[in-house]
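Only one chain is included here, represented as structure tokens and corresponding to the form predicted alone.
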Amino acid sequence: MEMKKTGTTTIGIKVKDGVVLAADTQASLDHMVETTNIRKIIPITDRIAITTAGSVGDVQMLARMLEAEARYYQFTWGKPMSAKAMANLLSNILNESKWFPFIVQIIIGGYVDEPTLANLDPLGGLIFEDTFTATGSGSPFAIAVLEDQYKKEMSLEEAKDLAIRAVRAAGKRDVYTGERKIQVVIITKEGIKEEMVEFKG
């Protein structure tokens, strides 16, 4: 069976006031661009979202599972599930499926008790990030930008600008990452705010 190639660049940056997630909106199949309008950042609750690199169908199924678990947790305990707890839950789900794995690499970002950023591999390996992370085929290029330009006391606006620069830099070098439209999600203790950033030419 011919291997289908997909690629993307997703970014997570944590600062003291919240979390910024960013991703390109291009979906590729082998050497063809299927669409330039796919959302790769999916809200799970009003203060937690995930990004995806990999199979769109797999992450959509996982998002539905996490949303159901978060609703059940809220109903049972009378308080929202934290982003850290959701990351641990997803780690367990992915690890239990390791013989038939979900083809995804996921970043979880949220602000329930505190700003939280986590990176998970397809087998459930979980890393809580203090500052920033990137996934997808363009991640080596994005990480170089983040390493060079991240500052400890960045504002949310500065973190947003840096995330956009990192995705665009990846798009210029990685053929599977789009650079003309970038989805940006900002998560604070007040909730989630999303915007699309478009570049001409």
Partner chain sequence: MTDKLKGTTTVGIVCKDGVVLAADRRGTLGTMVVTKTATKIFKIDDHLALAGAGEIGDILSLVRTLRAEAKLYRAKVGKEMSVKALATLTSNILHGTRYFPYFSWFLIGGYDEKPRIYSIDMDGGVTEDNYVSAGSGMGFAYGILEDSYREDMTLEDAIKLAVRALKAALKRDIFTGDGIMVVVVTREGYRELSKEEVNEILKKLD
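These numbers come from a predicted model, not from an experiment. Numbering follows the first chain given and starts at 1.
Separately, the form predicted in complex with its partner chain exists; it is not shown, and the next lines address it.
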Heavy atom contact within 4.5 Å of its partner chain in the model of the complex, the stretch among 152-160, 52-60, 33-41, 134-142: 134-142
Three-residue site Ile182, Lys193 and Glu198 fully in contact with its partner chain in the model of the complex at 4.5 Å by heavy atom: no
Any non-hydrogen atom of Ala70 within 4.5 angstroms of its partner chain in the model of the complex: no
Heavy atom of Ala169 within 4.5 Å of its partner chain in the model of the complex: yes
Contacts with its partner chain in the model of the complex, stretch 39-65 (heavy atom within 4.5 Å): none
